[in-house]
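Next comes just one chain, in structure tokens: the form predicted alone.
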């Protein structure tokens, strides 16, 4: 029977996303091939680099990563596709970040892939889904990223964040910078800035959602409500700052907190009903 455990569904969602994302973003990930070596400013796990990697190495990583992630999503050859997808994704995203602007929209993807890579060496057992520890680890990582973001807001701005003035400056500066550089800015930012009284409640709500993230580990309705608020938060960021977090907006980043195995059961039910309703033909004998 096809595995529809929570871990298997999460593996398909997370690794499938990584495969599509790296394939779609391949041209941008290959941009460093055209950059001058002096622009390299290595960050994170690539901080040790003192020169660009060989072109053939970068091209190979950009080609191999979506293939490995796709195989992992299908549960094929996990022992090597899991580590290959995790290491490849971490490398191509970190290397791209080492040439200018730092992007953090895919950090959680990299963390979740690392857990899947470790889980690939942990064979299923006879419990609920065999790799419950991996599901819990991914849930904690999701919660941790939001909670740390809330703590950072509080440590950097303190109570000044709560009156909305810091948020006002962030929205105005980010959109102005994008317009000057010819990037996509938010068509709704001006309206929000003209209605400044909304910024205070919005600022309070954003930090409360982030700091309340650990409550989602209680699961059940609490997790569902918090995930809904987190999605609303990301839609607001997209609407007023034109910052896209696709992994989160699609709900995949939040999926470890939810009973996603029901998705597999629902799809299987639909498939079964479709097969039952499909006409069959027999050859005359």
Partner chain sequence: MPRWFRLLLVGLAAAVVLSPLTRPPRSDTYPLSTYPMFASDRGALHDIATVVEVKADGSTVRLSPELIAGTDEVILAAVTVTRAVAGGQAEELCAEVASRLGEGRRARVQTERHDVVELVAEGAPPRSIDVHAECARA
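The shown structure was predicted, so the numbers you read here are calculated from the model rather than taken from an experiment. Numbering follows the first chain given and starts at 1.
This next part talks about the form predicted in complex with the partner chain, which is not shown.
- Exactly one of the stretches 55 to 63, 221 to 229, 36 to 44, 252 to 260 approaches the partner chain in the model of the complex with heavy atoms within 4.5 Å, and it is 36 to 44.
- In the model of the complex, the partner chain sits within 4.5 Å of a heavy atom belonging to residue 28.
- Residue contact with the partner chain in the model of the complex: residue 120 places no heavy atom within 4.5 Å of it.
- The partner chain is not drawn, but in the model of the complex it has a heavy atom within 4.5 Å of residue 90.
- Put simply, residue 205 is far from the partner chain in the model of the complex: not one heavy atom of it is within 4.5 Å.
- This chain lacks the partner; the member of 74, 212, 198, 110 within 4.5 angstroms of the partner chain in the model of the complex by a non-hydrogen atom is 110.
- Residues of 81 to 104 lying near the partner chain in the model of the complex, listed in sequence order, are 89, 90, 93, 94, 96, 97, 99, 100, 101, 102, 103, 104, the criterion being any heavy atom within 4.5 Å.
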